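Here's a solo chain for you in structure tokens, the form predicted alone.
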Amino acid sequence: MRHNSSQLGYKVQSASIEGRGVKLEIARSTVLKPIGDDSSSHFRLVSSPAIKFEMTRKLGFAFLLLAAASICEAAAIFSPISEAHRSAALELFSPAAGTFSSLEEATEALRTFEVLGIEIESDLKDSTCKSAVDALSSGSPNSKDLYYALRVSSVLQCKISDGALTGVALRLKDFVKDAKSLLDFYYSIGGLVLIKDQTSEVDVLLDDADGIFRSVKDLSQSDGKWRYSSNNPESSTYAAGIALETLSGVITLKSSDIDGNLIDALKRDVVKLFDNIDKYDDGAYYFDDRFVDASGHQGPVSATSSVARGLTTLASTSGSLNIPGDKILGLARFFLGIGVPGTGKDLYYQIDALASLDQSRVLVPLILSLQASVLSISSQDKLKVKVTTVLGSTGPPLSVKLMQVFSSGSKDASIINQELKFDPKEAVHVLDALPVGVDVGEYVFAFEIVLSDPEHKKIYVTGGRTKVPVYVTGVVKVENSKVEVLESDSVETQQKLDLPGKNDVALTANHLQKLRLSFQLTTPLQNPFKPHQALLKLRHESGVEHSFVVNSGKLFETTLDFLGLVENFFYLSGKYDMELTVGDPAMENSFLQPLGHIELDLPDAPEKYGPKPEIAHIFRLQEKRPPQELSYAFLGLVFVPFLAFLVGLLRLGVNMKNFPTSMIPAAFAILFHGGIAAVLGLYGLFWLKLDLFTTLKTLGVLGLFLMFVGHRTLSHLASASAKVKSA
């Protein structure tokens, strides 16, 4: 399975079996695996079984929720369109406020509803028709609006007069003449084709069909891709599909013959395009597209859908195309492998492409699917195969043969070559009994579809052998089950168990003894069976649990040596409840079974497990300090140098006569002295709490500040001194 990175889908295929009071529903779910390492990469959804349980009696095997890896990645189940798609369409295309937000959205929704057979409410039909008629009569300035209005009108069969359609056709012909890009041609020519399909009274034929064909063909590239315009060198697979559909429209609307060499060259372009197609291991083919235009990234879903629609449209107008049948079938497998997309646009791309392939003039793909991929050998379930088209329609007369059966994990296959019986009532092919040697487990069945009429090979494609995963379940027999208490390898106590069944054994043991549990598992064909999980759990009355794996072999057995486990048991003596879990996705009678209890007498914990002696800690006594008076006296002495400094200033006759008096120089002088004070304050903070690195960084900032304001202050003083001297 696979899907675009930004538009995730989901696929579920399920089957149910009942037996032994338990009903299992095994569903194939999905796991995302990205391809590519950028935002435009898409995702492949690889299927893996998951299990859902509906129990009719109390069974506690919750571990089965995690069971079963994928059977074989190259084998996959592709089912035709189902009710899940119809439910998704109703949810994803539910119009807000009873009307669609645009005619483009309405077109996608109505096309999806039409293919899926969903009836449209009359109120929604009337409002959408009104929007389409208004768009056609409003003289829309672009061909895109007219195109989507005509598509809505075509699906809903809105009442539009021939006169109105004539006016629209004239405008579309003008758009064709003025077209500069591929999309201009696409919407204009597509609109004319829609008018031709609705009425024969309006002239929609193109006078210069050959010239228009050449204009569109000039945008093609050597690898089969197309450009959106001559001004844009980037090519696109999505554009290739649009171009094929456009050129088939030109052929439909031609009023004179188109050069046959052009049509032959176009067919060769289609072959080149399919030479570069990508493939998955399960036989699905798809086109990737990394072109990003104004509408956003075109991923594998949209690109492949565009090519599928263009291919089938071209085949309907220009005859057969030399495309291998396996690639046509691969396109169908790609879209069916998506499952149910998560967005309305992806659902539209999927359904529209499948509808095109279902009515293809190239080859119509036939899909082989299983009614149930999970079979119970104990209940003798029959394998039922259905062959339909991608939309679920009944295929032509044919037969289905089972050719090979592969066991999981083995490349060797059993050669079967057995034809299945056809049940006309259910329209399915039935395998009454599983092939000899098929036991409980995972398998891959290889089928071959044989058409009854050889002429149908020109119409339908079956794809040779189809591999599908099959999961076989059954009731596993539990024998020779017993639990024993050993002492010196000799049996001290032994009790037999009824598995699965009710057990209530009561055992006692000490740390010098052992506990041994053993049993055998055999399949319905008497082969040894190895379950996915076998665990013995001991739960102490305090709630502490211990789990032990039961070793597999011809005999499932585990031996607990309590002498070596006393530390794991935390030296907890007392009652331990015993519980055995045996389960596997293929084991219909998986169980979580209480066995009873064992009373353990374990030795007391050694010293290292006992209480520790109390630690008495005495904090260090406070050191003796000098008298408070002495401290204050020392503090006073600290200020003596500062007082001496002030006295010295007075004796030197320091004054403020040179301090600038004008506003700006005075401001710089104040900032300069303030900066010096800040540096002194920083030294004080360094002494009290700052670290060296913080102090140096702050000092650097203050230094730059002092350089600037100091330079301005000194420049002013020098200028003032020069003026005094000159005077």
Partner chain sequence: MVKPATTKDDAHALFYSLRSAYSATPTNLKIIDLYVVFAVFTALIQVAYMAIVGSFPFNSFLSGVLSCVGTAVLAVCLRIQVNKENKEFKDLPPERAFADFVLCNLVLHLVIMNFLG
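Between two forms, the rigid core is the largest collection of C-alphas that superpose within 1.5 Å. Everything numeric in this text was worked out from a predicted model, so none of it was measured. Positions refer to the first chain, counted from 1.
Quick note: we don't show the form predicted together with its partner chain, though the next part is all about it.
Visitor: Which of these residues, 654, 430, 120, 450, gets a heavy atom within 4.5 Å of its partner chain in the predicted complex?
Guide: Of 654, 430, 120, 450, the residue with a heavy atom within 4.5 Å of its partner chain in the predicted complex is 654.
Visitor: Only one of 630, 544, 491, 271 has a non-hydrogen atom within 4.5 angstroms of its partner chain in the predicted complex; which is it?
Guide: Checked against the cut-off, the match is 630.
Visitor: Taking 641, 683 and 696 as the candidate spot, are all three within 4.5 angstroms of its partner chain in the predicted complex by heavy atoms?
Guide: Yes: each residue has a heavy atom within 4.5 Å of the partner.
Visitor: Answer with yes or no whether residue 709 is in contact with its partner chain in the predicted complex, where contact means some heavy atom within 4.5 Å.
Guide: No - in the predicted complex, heavy atoms of residue 709 and its partner chain never come within 4.5 Å of each other.
Visitor: With heavy atoms only and a cut-off of 4.5 Å, decide whether residue 626 touches its partner chain in the predicted complex.
Guide: Contact with its partner chain, yes.
Visitor: Decide whether residue 704 counts as a contact residue for its partner chain in the predicted complex under a heavy atom distance cut-off of 4.5 Å.
Guide: It does not: once its partner chain is placed as it appears in the predicted complex, residue 704 has no heavy atom within 4.5 Å of it.
Visitor: So, residue 619 and its partner chain: in the predicted complex, are they within 4.5 Å at any heavy atom pair?
Guide: Residue 619 lies outside the contact set for its partner chain.
Visitor: Counting only non-hydrogen atoms, choose the one of 274 to 282, 258 to 266, 356 to 364, 644 to 652 that falls within 4.5 Å of its partner chain in the predicted complex.
Guide: After filtering at 4.5 Å, what remains is 644 to 652.
Visitor: After the core is matched up, is the C-alpha of residue 141 off by 2 Å or more between the shown form and the other one?
Guide: Not so; residue 141 is displaced by less than 2 Å.
Visitor: Is the shift of residue 630 between the shown form and the other one large enough to count as movement, that is, does its C-alpha move by 2 Å or more after the core is superposed?
Guide: The answer is yes; the displacement is at least 2 Å.
Visitor: For residue 554, decide whether the Cα shift between the shown form and the other one is 2 Å or greater, given a superposition on the rigid core.
Guide: No, shifts by less than 2 Å.
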